[in-house]
Ligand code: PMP
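The chain below stands alone, shown as structure tokens; this is the form predicted on its own.
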């Protein structure tokens, strides 16, 4: 397998990053994950745009759009992939120990591509189990969830809760107790005939797949509400599903002890 590192393709065993890289030391960086279908990366420009937005939030310089696009396809081709999982990572780069971003010189840029491993068909047929996590989502005023950053500890803590309770994913609430999002997903549910999803104002990453679902709902005349919802709203729903790049649209059959029909 080959990895694109900084300015060239290198064999995976040679793809090394310094222990002084501030992405490793402090989680100082951003990333995006994508899927390729038949060798074509789905919504690539949208993902690159969001990567740029994340980088802007933390004042991190990233390569030009055309360079990113070219290196993604070079990495896919080098690994002879068709249906692929792709991850772009950009960190602040190597520098002395310390929080000052100016300690780092050039950023570290990495593109990883591997064959996509689909989820079990039973997940889509029978649905998945979710929990309401005790871990709260980061405050917008602290670390804005719209930054897809390398510091994922908040989400990891919620995912640990999910694993300990035998669930596939965890739903995180914000500091006000409103439903926000999953650890790696956006949430949708149907309540009183209306398709509901938490508003961006609750503190979520506005997922690319989330945006597609919202557009499809509006195009097809489906009643949609992007709002402020509490757990009771979700637990009284008739249908639940979550979305992200790799899962696409994943049905949910259970949240905590409440069961749902698969739509």
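From a predicted model like this one, the values you see are computed outputs, not experimental measurements. Residue numbers count along the first chain shown, from 1.
From this point on, the text means the form predicted in complex with this ligand, which you will not see here.
This ligand in the predicted bound form is not approached by residue 253, whose heavy atoms all lie more than 4.5 angstroms from it. This ligand is not drawn, but in the predicted bound form it has no heavy atom within 4.5 Å of residue 92. Contact check for residue 135: no non-hydrogen atom falls within 4.5 Å of this ligand in the predicted bound form. Contact check for residue 41: no non-hydrogen atom falls within 4.5 Å of this ligand in the predicted bound form. Only one segment in the set 182 to 190, 74 to 82, 108 to 116, 125 to 133 has any non-hydrogen atom within 4.5 angstroms of this ligand in the predicted bound form, and it is 182 to 190. Of the listed positions (36, 214, 234, 205), a single one reaches within 4.5 angstroms of this ligand by any non-hydrogen atom in the predicted bound form, namely 205.
Heavy atoms of every residue among 155, 210 and 244 are located within 4.5 Å of this ligand in the predicted bound form. Contacts between 36 to 52 and this ligand, taken as any heavy atom within 4.5 Å in the predicted bound form, involve 47, 50.
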